[in-house]
Structures are given as structure tokens and as C-alpha cells.
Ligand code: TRP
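This document opens with one chain alone, in C-alpha cells, the form predicted on its own.
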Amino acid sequence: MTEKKNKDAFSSNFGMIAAAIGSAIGLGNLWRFPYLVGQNGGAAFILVYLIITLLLCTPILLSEMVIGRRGGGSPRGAYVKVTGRKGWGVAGILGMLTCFMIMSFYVVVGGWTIRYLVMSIAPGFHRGAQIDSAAVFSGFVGSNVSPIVYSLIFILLTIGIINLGVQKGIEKTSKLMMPLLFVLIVLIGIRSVTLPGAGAGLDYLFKPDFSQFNFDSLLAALGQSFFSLSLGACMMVTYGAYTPKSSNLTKNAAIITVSDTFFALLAGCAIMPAVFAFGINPSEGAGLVFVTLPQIFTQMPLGGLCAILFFVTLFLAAISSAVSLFEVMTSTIMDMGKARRKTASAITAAILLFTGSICSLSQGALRGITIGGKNIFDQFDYVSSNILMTLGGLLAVICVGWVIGKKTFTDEITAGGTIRVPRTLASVLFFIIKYVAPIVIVTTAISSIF
């Protein structure tokens, strides 16, 4: 194995896993996954999602980690180093652009989580309170000032973690937040499944009905898997660069995938039983978290406490993923501009405040501006999730499968022969990376266009 010159690294393998799980576990699990399940037939969607995640996306995740640890440094530098070709630096730049587009709308939603956490502490979420949650939500997101202020708070909290560095900032906070996240979502889930009528929600989650599943659902499952595992945006390339040489990358990839998937299922168990218990339509869309659940909290026993726990969980999930997105941009600016961490993070924050404000205003003063029938917020979401992340994932598997080759791939996942990885497993993983993943990604991309 080549020596890694990157000075900033995780102090332990557990720190790396905690940070990577934090990157994967985010709003994609708590905000996006439940409403996609609701819109695409429940358990049928979950089953296909699990198959795609475990058999296709885990090898893609592994390929990004291989590129990161083999190359070291920023995504741009890692791609150039592992391939020996400067042109491949474009893949790292694409990753930064993808993170930039995701974070532009992500900081807006992150601001929403802070606002709703503050609201959940107020009497409005207590049982018996009379609130029009749809009007509250639309009034808030349609405002021209308040959402931007909360987005700024979210950005400042994220930059505070980033400026502490990899070990003291990203790693330390991840070690604290990840166990807490799992405990909180389990507590919410227990309360949800014990509600009268919650059994219908569990049936919806775990009894497949393929009559409600179609090709668009398949595309949604693939896109959600990419989004949830942070694939195609160089987040795992960045964290791979900070990973100790002695770490078992194959095992780490499996742990990250299983943890992320398990959390998504827990989120489903925390949300859907409550939705069915109160007779709410499970396909409410993005408003499920910010419109439907607040209404449920006001009606259920211990609803005020559940609201606080839920929005604490939502905030922690949001900021854990935001840190990894922010780090990709910061590390790339540090690499390209030879800037210090605090300078690079300040530049990143300033850009995101501007673009985030535009995304926020697209729900208010700029709502009349549309691109391809979508407002600016939705367009940033669509382009990043359905185009840029897919392209980034494709470049990662092409890089590993067709440029650096099986010998280097095997050398990296075995840590230079010091870690035992069954030859058959290594061959199957490489086959998926080289042949299956590119075909699936390209075919899906073409199908989604036509």
C-alpha cells in the first residue's frame, strides 16, 4: 500500500465508522424515506430498496472509500493520485458541486428542523392544542426572513464543528450524536407502535403490495439509496482519506450500510404506525414530517414530549449529514486554494448562505420563478439527487473497475495483505463495481430521461 500523507485523520476506526454513519443517517432517513415509502406502495418499496442498497450500493460505497484512502487528501487530489491523471480531478470537483447543490436546499430544511424544535418546546405541541399545522408550515416557509435566519443558525452550527477539525470536530461529535440518535428513534418508535391502531402502519411497512409498485418506484428506490448512503458526492471519498490504514474497508462499508438501513426502518416504525393510528394519508409527501406529524403530536398522549424527542432527532440527523457535505467543500477549497481550514469553511458558509437564501425564497418571494416546472428549491434537489449523485457514483465505479483495477482494489481492501478478505467475496465485489453498477446506473439514468 502507498503511504498516506494526509495529516488530518480519524484517531480510530470507530471514529471513522461513527462519522460515516452520521453522514449516511440524515434527513434522507427521517424526512425523505418515510414519504417515499408512503408514495410507492409501502413494503414493496422497502423490499426493493433493501435489495438495491445491499447488493448494488454497498460495493459503490466501498469503491469510494477505496479511492479516498488510496489517494488521501481532498476528493480532487484523491482521484488524481489513484489514477495518475490530472483529468480525473474533475470527478472530485463534481463531488464538490454536488455537495454544494445538496447543501443549498439542505441548510434550508436544517433551519426548518431548528424552528420546529423550538416550536415543539412551546405549548402548541401539547396534547389538545388546536393548531392548523399546514397553515403554520406554509406561513413559515413562505416567509422571506425567518427561514433564512434559521438557515444561518444551522450553517453556523455546522461550521463550528468543521472548524474544530477531523478528530476534535467531526469525529468527536459523531461519537456523541450517533448513539443518541439511535436511542431517540427507538424511544419514539416504541411510543408510536403502542398507539391504538398502529398495527395497520406496521402492516403497511412490512407486507409487500407490488400492485402499488411501478418503474418510477424503482427509480425512487435507487435514488433514495444513493441519497441515504451519501453516494456520488465524494463524502465517502473524503472520509476514506481520513481512515486509518489498518481499517477493514469491506467490513466498514457493510456496517455503514446496515446501520443506515436499520435506522431508516426504525424511522419508518416511528412514523408510519402513528400516521395510521390517527387515520392520516401515508402519501402526504414532504409535508409528512413538518405538517402531518405535528398534528399527530397534539392528539397523542405524551405528544409534547414525543414532539421534542422527534425534532431533536431530526436536527441531529440533519447536522450529522451536513457536516460531511460541508467537509467535502471545505477540503476541496483547502486543496485548490491552499487555504487554511477556517478560511475555506468561511468561504463555503458565505456561498451557502447566498444559495440557501435563494432556495428558501423560492418558497416565498421567488416562488413564481420556475425551471422545468420546478421552483429553485425543488430543482436543486432534483438535479443533485437524480443527476449529479448518479454521475458521481458512475465515475467512482469506472475509476475503480476500469482504471485502477482489481489488483489495486484488492490490495486496498486487504490493507496490503494484512486483512483477510475471502477471494470469492473480493471477486464478486469487484465484478459488481466493474460491470453491474455501471450498467445499472446508465440504464436507470437513460430510462429516467425517456
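None of the values given here were measured: they were computed from a predicted structure. The numbering used is simple: start at 1 and walk along the sequence shown.
Absent from the display: the form predicted in complex with tryptophan. The rest refers to it.
Exercise for review: Give a yes or no on whether every one of G28, M235 and M389 sits within 4.5 angstroms of tryptophan in the predicted bound form by heavy atom.
Suggested key: The answer is yes: all three residues contact the partner (heavy atom, 4.5 Å cut-off).
Review point. Even though tryptophan is not shown here, does F154 get within 4.5 Å of it in the predicted bound form, heavy atoms only?
Key: No, no contact at 4.5 Å.
Point to revise | Heavy atom of Y106 within 4.5 Å of tryptophan in the predicted bound form | key: Yes, Y106 is a contact residue.
Check your understanding: Does the 4.5 Å heavy atom contact test between M16 and tryptophan in the predicted bound form come out positive?
Key -> Contact check for M16: no, nothing within 4.5 Å of tryptophan in the predicted bound form.
Check your understanding: Hey, in the predicted bound form, does F227 get a heavy atom within 4.5 angstroms of tryptophan?
Key -> Yes, contact at 4.5 Å.
**Study point:** Candidate stretches 270 to 278, 140 to 148, 317 to 325, 337 to 345, one within 4.5 Å of tryptophan in the predicted bound form by heavy atom
**Key:** Of the options given, it is 317 to 325.
Check your understanding: Here the chain is shown alone; which of L249, M329, A307, I102 has a heavy atom within 4.5 Å of tryptophan in the predicted bound form?
Key -> The residue in contact is I102.
Practice item. Identify which of A91, I256, L293, L231 has a heavy atom within 4.5 Å of tryptophan in the predicted bound form; exactly one of them does. Key: Looking at A91, I256, L293, L231 one by one, just L231 meets the 4.5 Å heavy-atom criterion.
Practice item. Between 53 to 92 and tryptophan in the predicted bound form, list the residues on our side with a heavy atom within 4.5 Å. Key: Going through 53 to 92 in order - heavy atoms within 4.5 Å of tryptophan in the predicted bound form - there are no hits.
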